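Given as structure tokens, the chain that follows is alone and in the form predicted on its own.
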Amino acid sequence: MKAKAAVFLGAGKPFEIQEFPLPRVEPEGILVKVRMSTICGSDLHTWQGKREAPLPIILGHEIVGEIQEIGEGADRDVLGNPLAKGDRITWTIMASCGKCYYCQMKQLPQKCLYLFKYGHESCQNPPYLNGGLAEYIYIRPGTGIFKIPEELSDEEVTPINCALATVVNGLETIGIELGDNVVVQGAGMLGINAVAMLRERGAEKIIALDIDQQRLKFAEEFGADEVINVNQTNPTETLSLVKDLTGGYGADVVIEVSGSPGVISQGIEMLRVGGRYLLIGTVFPKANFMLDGYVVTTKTITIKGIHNYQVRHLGEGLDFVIRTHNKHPFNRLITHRFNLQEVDQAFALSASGQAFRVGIVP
């Protein structure tokens, strides 16, 4: 039996539908039928040529799937729930060895020396099916797997193993305290999830910034107290608005999830003395920015960056959606759907900014 996949061959080239043999399932491996994959910002960066990828490659790492075959020893998820054919699952964006310097000594399994990232590896060699833009995907040993409860839809779950889990890691790393005033720079999928989680974690005032009014509307629906369209204000006016909304002091925390290095220096200016700045969105090379070290020093600013997450962060993200999916319209964030043969159109639409999140249903 073979599976079809949309293969990326390089920036500016159309995707090519190819067939691959289904892999033999090894111990602790799982063969999964893809139900939905969504186009993440990092997928777009690769498609646009902003970041290199090992070609040929099957992109897509935000995925929900249905178990087709389970290898020996893979019959339970991270939480101990039994797994069986037909169960829907989500899983970590990466497989880690669990034994190396970063896995064991530094508790950074997402930086494992032998890291394997779904949707980021070449499909040239077995088991081939490494990404979400395919009918099937092979889940390797060392991946954190979670069974999905029936009450959650595919639309609610698909993006959580990248955007939401990353936000969980970010908020933990920067330290959100009860009563914090927080600015979120960017109201894409990362920003919307950040707003929702900040609301639950007791932030006092959440201010969302973006250039797109529809995204800002989503931010309000997910709990933002104030939204600012930075296309309608100049940087001085934006800074003044943030100061006014935070009692004249500035924000306790600013979170960069826009993917635009140009907003970072202004985000630092928005902080109060002793504030914290979190970098999440700049996940492509040469995302350079200018920063005045005097400002960072004299304002005693803390700056932290995070990339991806650990297994427990995905578990916390899934639990958050289970608890709040009747409160927040997660299912509306995937605004367009395409099939596997329409991947070129899906990426073009996603890059145009006219869609919030685009889903591929093989």
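Heads up: residue numbers just count along the shown sequence, starting at 1. All of these numbers come straight from a predicted model, not from anything done at the bench.
Beyond the structure shown, there is the form predicted together with a further copy of the same chain, which is absent from this document and is the topic of what follows.
In the predicted bound form, none of the heavy atoms of Gly80 sits within 4.5 Å of a heavy atom of a further copy of the same chain. Although the partner is absent here, Cys97 lies well away from a further copy of the same chain in the predicted bound form, with no heavy atom inside 4.5 Å. Contact check for Lys205: no non-hydrogen atom falls within 4.5 Å of a further copy of the same chain in the predicted bound form. In the predicted bound form, no heavy atom of Gln68 sits within 4.5 Å of a further copy of the same chain. Only one of the listed residues (Gly49, Gly305, Pro56, Pro329) places a non-hydrogen atom within 4.5 angstroms of a further copy of the same chain in the predicted bound form, and that residue is Gly305.
A single residue from the set Leu31, Val311, Ile301, Met36 has any heavy atom within 4.5 angstroms of a further copy of the same chain in the predicted bound form; that residue is Ile301. Shown here without its partner, the chain carries Gln214, Glu221 and Phe338, none of which come within 4.5 Å of a further copy of the same chain in the predicted bound form through any heavy atom. For a further copy of the same chain in the predicted bound form, the listed stretch (268 to 276, 157 to 165, 182 to 190, 144 to 152) containing residues with heavy atoms inside 4.5 Å is 268 to 276. Heavy atoms closer than or equal to 4.5 Å to a further copy of the same chain in the predicted bound form belong, across 266 to 302, to the residues Arg272, Val273, Gly274, Leu279, Ile280, Thr282, Val283, Phe284, Pro285, Lys286, Ala287, Asn288, Phe289, Met290, Leu291, Asp292, Gly293, Tyr294, Val296, Thr297, Thr298, Thr300, Ile301, Thr302, ordered by sequence position.
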